[in-house]
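Before any questions on binding or motion, here is one chain by itself as structure tokens, the form predicted on its own.
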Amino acid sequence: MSPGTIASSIADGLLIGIVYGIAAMGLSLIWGVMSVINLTHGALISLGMFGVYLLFTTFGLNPYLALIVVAFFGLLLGVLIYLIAIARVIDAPHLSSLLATFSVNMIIIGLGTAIFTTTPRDTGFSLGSVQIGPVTLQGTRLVAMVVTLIVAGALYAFLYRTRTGKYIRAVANNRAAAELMGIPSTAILALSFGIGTMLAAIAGGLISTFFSFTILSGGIYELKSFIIVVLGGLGNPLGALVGGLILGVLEGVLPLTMPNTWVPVIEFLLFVFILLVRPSGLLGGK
């Protein structure tokens, strides 16, 4: 095993992992603000994949321009899901919101399977590759990394530099106190769920530029998102990004030493280990 092979695997893992991170940020944000485990996450990632795919193959829209459209509709869809399915059970036991999001997930998967079937799709989009010493990097993954960093930076600026972002953090910290201060908690919670949905759709759109997919593919990335969220810390969006990088490196390096079929096993062993040893995650929950 040459140093160049190891370096390429690590670099490839980091590029994929950072996209995993942006998907997990949406899951982490929703949990951090409203303590809802969003089981529609995988289906929303799949919708992001198909959104970019259809805009590119049907209308010839560049995938990264299509990503803007997908992000906008992802935000609207998230707000709609919250108002219809979650707002009524937000104060009920966690099982109620869990079942509500699971029901929406099954509706999306059912409709998606009926419309798109489970035939694998591929955008067929390529930006070539970049050679850096012994390391070869795919152009689409490099651009995905840049997009992810821009989105993560924009989310941080929104949460910490805008009035609405401060409202979101206030509601996350103490919803009752925020309401007493005149903050419209229902609107803020709906917006928060919409942002989480938007992040999932963006991640799905980016993944569609370098992997084939079906309507069921989002479920795989949903499981990865749960592992990442636990790694980084529940409710900690920055931790989700770090957790994504860790998981990406593992997926890049482990296949060099063992069959690919063992990689998910190692990932879930790590998931259980973190839950047992440090339930708050590596960076701590917020």
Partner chain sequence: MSILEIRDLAAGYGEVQILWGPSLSLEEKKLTCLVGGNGVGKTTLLRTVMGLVRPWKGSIRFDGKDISGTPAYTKADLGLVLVPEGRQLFTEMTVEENLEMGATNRRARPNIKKNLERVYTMFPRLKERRWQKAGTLSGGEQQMLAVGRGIMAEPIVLMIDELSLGLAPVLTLQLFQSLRQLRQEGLTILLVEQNVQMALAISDYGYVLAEGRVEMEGPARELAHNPHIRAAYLGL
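These figures come from a predicted structure and were not determined experimentally. Numbering follows the first chain given and starts at 1.
Keep in mind the form predicted together with the partner chain is missing from the figure; the text below concerns it.
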Whether Tyr82, His94 and Ser97 jointly form a contact site for the partner chain in the predicted complex is the question; each needs a heavy atom within 4.5 Å. no
Of the candidate stretches 137-145, 123-131, 193-201, 180-188, the one with residues having heavy atoms within 4.5 Å of the partner chain in the predicted complex is 180-188
The partner chain in the predicted complex has a heavy atom of only one listed residue within 4.5 Å, and of Ala170, Ala152, Leu75, Ile109 that residue is Ala170
query = Can you check whether Asn174 is within 4.5 Å of the partner chain in the predicted complex, heavy atom basis?
reply = yes
Test of understanding: in the predicted complex, would Arg88 fall inside 4.5 Å of the partner chain by heavy atoms? no
